[in-house]
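Coming up is one lone chain in structure tokens, specifically the form predicted alone.
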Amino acid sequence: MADNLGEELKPPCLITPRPTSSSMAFPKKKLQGLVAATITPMTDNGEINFSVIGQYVDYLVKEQGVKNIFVNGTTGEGLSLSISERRQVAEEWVTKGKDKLDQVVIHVGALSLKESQELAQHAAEIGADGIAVIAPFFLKPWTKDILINFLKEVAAAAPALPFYYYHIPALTGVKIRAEELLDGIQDKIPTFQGLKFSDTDLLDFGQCVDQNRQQQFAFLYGVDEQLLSALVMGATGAVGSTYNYLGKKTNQMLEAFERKDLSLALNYQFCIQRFINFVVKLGFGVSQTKAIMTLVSGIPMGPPRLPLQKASREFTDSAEAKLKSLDFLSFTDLKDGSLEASS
């Protein structure tokens, strides 16, 4: 995979200018293209390292060609942060991303309806471009109507913001199919604009697209290693952790798909899969994502917050070797001190 291919191609579909407050609920273009699920940088003692977020924004835009972000989600350890921390993180991303990022979507899901509403209202106040919510996962909603009632109350706290449902049943344990949830959802939640679908059930995903063709929803796929399959099914974009450091390569795949060069797009997807398959076998999650991002970008992401454990040096060394073998990373790509920062 030659790196120079991406130099000649601009990333596809990388969104609209940031909407004004008067048009936030209905931006001129829907959220599409790649959306990086941002990592929350931390210091060695587990405090949030706000000082590197500005550098992080510049890295995503200039090095990876990614101009949309999803803040305080799974990759961002959002549910391991306090409400105050989540507010501060959201503020920092919106502030540092001003005039650089196209869309900043804040995940405001919480076990408490009141906390989720507070975070939604705060996102609107600071000028975010949208909010997303997962299903409550301790005292769970077991029917579509109950889940929609919860989501409706959160969305109503930020009535000028596009609202996205974050479907991730493997973590929430809420097995309500997205296809079922989307049926008539805008009648209950007028600001509903789309779905972050983090599941491998392509039948469910495909039916979401097929049955809602007239609504112009954003269908954002959340399983990075299956993105090409989701594009064929009608995905309009993708939210994922690997776009923090493989955004450039994934954009090349999107460009090939847009040109209907399916063979080239498949080559890119297979190459991305080789890396993801490799690290999954080693044990791949938020901790390991932090280590890889530190390695590739040179920006210290720090350790995860307990109960997650820091990635091992063995993992980082193995991931580095695999990135190089796939031409995702050259020796000159490594920033000074990145290995020390991830050790």
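A residue's number is simply how far along the shown sequence it sits, counting from 1. Just so you know, these numbers come straight off a predicted model, no measurement behind them.
Keep in mind that the form predicted together with a small molecule is not shown, yet the notes after this line are about it.
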Given 216-224, 145-153, 88-96, 117-125, the stretch touching the small molecule in the predicted bound form at heavy atoms within 4.5 Å is 216-224
Just one of 268, 205, 166, 192 has a heavy atom within 4.5 Å of the small molecule in the predicted bound form. Which one? 166
Checking 229, 172, 74, 273 against the small molecule in the predicted bound form, the residue with a non-hydrogen atom inside 4.5 angstroms turns out to be 74
Are any of the heavy atoms in residue 130 no more than 4.5 Å from a heavy atom of the small molecule in the predicted bound form? no
So in the predicted bound form, does residue 198 come within 4.5 Å of the small molecule, heavy atom to heavy atom? yes
Contact test in the predicted bound form: residue 246 vs the small molecule, heavy atoms, 4.5 Å: no
I'd like to check something about residue 241: if you look in the predicted bound form, is any of its heavy atoms closer than or equal to 4.5 Å to a heavy atom of the small molecule? yes
